[in-house]
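What follows are structure tokens for two forms of the same protein chain, given separately as structure 1 and structure 2.
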Structure 1
């Protein structure tokens, strides 16, 4: 078969941006393969979501109580059943929290190849080619696949979501839920909403954002002062949050927040793909990093290679009171 299957990711009742990004790319790939674009929609009471999936030729829907909220085990079982029934050529899964549980599970379960961290997908002379952003975005890996099906796990923000946002309801086919859903080892209990932070970083005009280069928690107040002088707030990349140096509400990027300030001043942030997806649309990005090869410089408008601890005191002084 030559169909392209997209896992339609939805979180708390809404299709995610990644879903539209993959639907748009999937449609383009299906045109090349001469197959159909099919979306796999798993859930409970999710039929209204199909109204936003006009770009797909068909939506295959599996509904079950155990699919009401994402569950790594239940979703892997249901998605596997969809794949086995449709035998698509290409399976597109977002490289997100959900996608990480599904793509590798499907690959191991069905014995089919998988490329992750993907930022580019093309079909060249009938061969599927992917580019993965590896090593924190420092080296790209171009891969090819033989045989069907294959799984491509795509970084959020790799493709425009607009191409996938087409209203209109495609053909809906309901598939019976697999019996295995009655006997699960993983059970969803409840949603836990993030604690409201003191500051909403998505609403700030100016963000001064820190990464691993800040070196220690003791250096944070100095940067906070700079943020204050610029009339903005402090945000951070994942390692800072994982080390509990700043609250979760300050995290930019995958599993954090997407921000679009007028100024994003990135201090000691190397720019792994997971971070870039959260800040690349900022109006003005200035990056300071000691590593001239840091990927952040590919996305920044202005870059400074140097020691941020030399620059910061002077910058603060010049900004005055």
Structure 2
């Protein structure tokens, strides 16, 4: 009952950064509970990935053709079987597009309490404590849990990934796939990737990114001009893409692209966790927002509280008209 179980998320043959983040945090928690760190690896032909999870004491692997590509129904069935078999104290699941499906289904099916949007997790006096970011990160909610097990769905980037990248040889245990995988209501059909755009924002040294604060599509050209003057490219948060003001290839975030430019200038972006996941590793982050409590300021190296439309003309002048 004192073990910590981490769902090992992988995509196109690679473990995600979120997996390593949770493995590192999971080991820390397991040392406190006095249990073992166990990774649940679901898929087909995924055994080579176990070599990257040396931080874990054991990797429990479930392989089945229905798990070859992510199918929320199939993965929920398999993960439920792993949890019921191991009965861990804490279950760590990334708060990603995959994890959101799995954590909620697992919680509902097994009647296990779930903390989502989690940015902090620790154990104090034997009690699990979490902090969840609500309303786009503007409100922090503290929760404490008693009893076992419990599910913690953690925001990407909450913990360092390097802590989970430890060499070692975990014990590999193969679990028989549940019979229920033979009668699924959901079928995986096709993996579709967005078409390449005119600019690859993942290769840019400088990105000027816009959010809701840009107000209208007509205001985009002035920011695009600023990006050119800085020798960079224009990118955006999801609301801009959803409005079809810019193509999908310019989106930064969980459902877009991860970028690591030398400079990331965020204009009118509040800083929801979904966006932070895509740009948190930039070398220098400068944020401009009229809301002094905008979550983006927690990640920015420099911040300006003000109207971006007041700042743009000043920047333009400084850069030579």
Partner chain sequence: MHIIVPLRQVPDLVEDLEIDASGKDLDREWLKYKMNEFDDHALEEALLLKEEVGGAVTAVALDGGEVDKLLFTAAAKGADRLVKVRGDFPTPLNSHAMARALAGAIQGLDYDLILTGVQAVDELDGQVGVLLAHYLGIPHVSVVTDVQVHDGKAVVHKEYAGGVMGEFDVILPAVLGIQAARQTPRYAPVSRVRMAMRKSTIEEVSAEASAEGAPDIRKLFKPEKGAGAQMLEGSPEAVAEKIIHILKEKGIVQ
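Keep in mind the model is a prediction, meaning the values are calculated, not measured. Basically, rigid core = biggest C-alpha set you can superpose within 1.5 Å across the two forms. Numbering follows the first chain given and starts at 1.
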Structure number, where the criterion is the form predicted together with its partner chain:
1
Core-aligned C-alpha movement of residue 13 between structures 1 and 2 reaching 2 Å:
no
Supposing the core is put in the same place in both forms, how far has the CA of residue 313 shifted between structures 1 and 2, in Å?
2.9
